[in-house]
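Presented below, as structure tokens, is a lone chain in the form predicted alone.
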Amino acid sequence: MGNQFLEVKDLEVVYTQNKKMVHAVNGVSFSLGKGKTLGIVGETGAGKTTISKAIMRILPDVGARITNGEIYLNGESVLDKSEEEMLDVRGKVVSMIFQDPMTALNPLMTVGDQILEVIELHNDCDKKEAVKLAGDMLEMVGIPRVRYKEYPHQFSGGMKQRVVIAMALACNPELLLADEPTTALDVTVQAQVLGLIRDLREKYDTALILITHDLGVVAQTCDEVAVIYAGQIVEYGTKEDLFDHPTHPYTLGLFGSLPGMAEGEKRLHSIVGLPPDPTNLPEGCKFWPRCPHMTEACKGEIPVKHLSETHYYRCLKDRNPDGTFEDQTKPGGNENG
């Protein structure tokens, strides 16, 4: 992990809900260099957003705890900083594009003033210069400066997301956390927003963590990919590693559920069952209740196996040279529609 801009080591996060412990993140480790993009993929409830909120230190004050692990930005521990010190980190060093622009924006403030607020908090400039910078940020994301004094309800979903991006990038952060930034957008606007994030990332050499369900978005945008299941990274590698040699049964299930243009199959393949209850996680491999290759040994300790310096997965089984497991007949495992 050495000399990386962001380092996350053995991170564990739990929530307390109705006197029960929700194990949201369970021993996650990864690192990210300047200007690189990491895609975090997995089903809803896998812990993806919790990881990003832990990095920002914006987990709920009541009911959420980081029980183990370390997070470093530029070699400095995030978890050791006071709340006052974190105010200087958020927005200036690390910013976040939240999943729903409808709730991320204040309906009682103009969009320009919301960007202005970020600039005034982190930059030493007078009001006139800050207003100009806020207008510049609007234009940078494709919104005319004349709309500075309009309110969020006067913008479409895609335009709201552009405003949120402008807020996140207003102070040129070194790390951008994008939590499913295109989920609620149509395909055309999604492509525009992804292109905008990519262009601005290259312009400012910003590191990016992209949380998404969409493997197509990962293919377009990311350098490295972490596949998350039940709060654990079950497979990690470069984009080429994951797309050319998906190895963990869960990763294979995700790829198996994608429609193929060349194969001519009539039905998609699904992963049977549902993600486990985070208050009562299975012993051993968290995926074994849904895995088509499960054995009793899967309920014990699960090793991490390295296929290369950049590619590893968490599973008992070894893959064949063609990338499949010994007893696997089809990527994705089960044939339930």
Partner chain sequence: MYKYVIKRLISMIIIVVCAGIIVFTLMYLAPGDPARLQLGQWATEDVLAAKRHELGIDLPYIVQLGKFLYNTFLRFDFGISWQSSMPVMGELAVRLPRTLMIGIPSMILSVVVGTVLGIFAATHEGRLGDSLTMVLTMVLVSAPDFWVALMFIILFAAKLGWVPAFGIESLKSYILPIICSALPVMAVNARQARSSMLEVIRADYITTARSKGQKSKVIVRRHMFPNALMPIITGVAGGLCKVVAGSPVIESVFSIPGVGAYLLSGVNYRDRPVVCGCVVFFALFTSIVVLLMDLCYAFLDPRIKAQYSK
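This is a predicted model, so every value here is computed, not measured. Positions refer to the first chain, counted from 1.
The protein also exists as the form predicted together with its partner chain; that form is not presented, and the subsequent description refers to it.
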query	finding
Stretch in contact, per heavy atom within 4.5 angstroms of its partner chain in the model of the complex, of 66-74, 32-40, 304-312, 50-58	50-58
Any non-hydrogen atom of Ile165 within 4.5 angstroms of its partner chain in the model of the complex	no
Contact test in the model of the complex: Tyr236 vs its partner chain, heavy atoms, 4.5 Å	no
Close approach of Arg90 to its partner chain in the model of the complex, 4.5 Å, heavy atom	yes
Its partner chain contact in the model of the complex: His153, any heavy atom under 4.5 Å	yes
Listed residue that, although its partner chain is not shown, lies within 4.5 Å of it in the model of the complex (heavy atoms), from Ala226, Ala130, Val118, Leu176	Val118
One residue of Ala104, Ala207, Val78, Leu200 in contact with its partner chain, assessed in the model of the complex (non-hydrogen atom, 4.5 angstroms)	Ala104
Partner contacts in the model of the complex for 108-142 (non-hydrogen atom within 4.5 angstroms of its partner chain)	Leu108, Met109, Gln114, Glu117, Val118, Leu121, His122
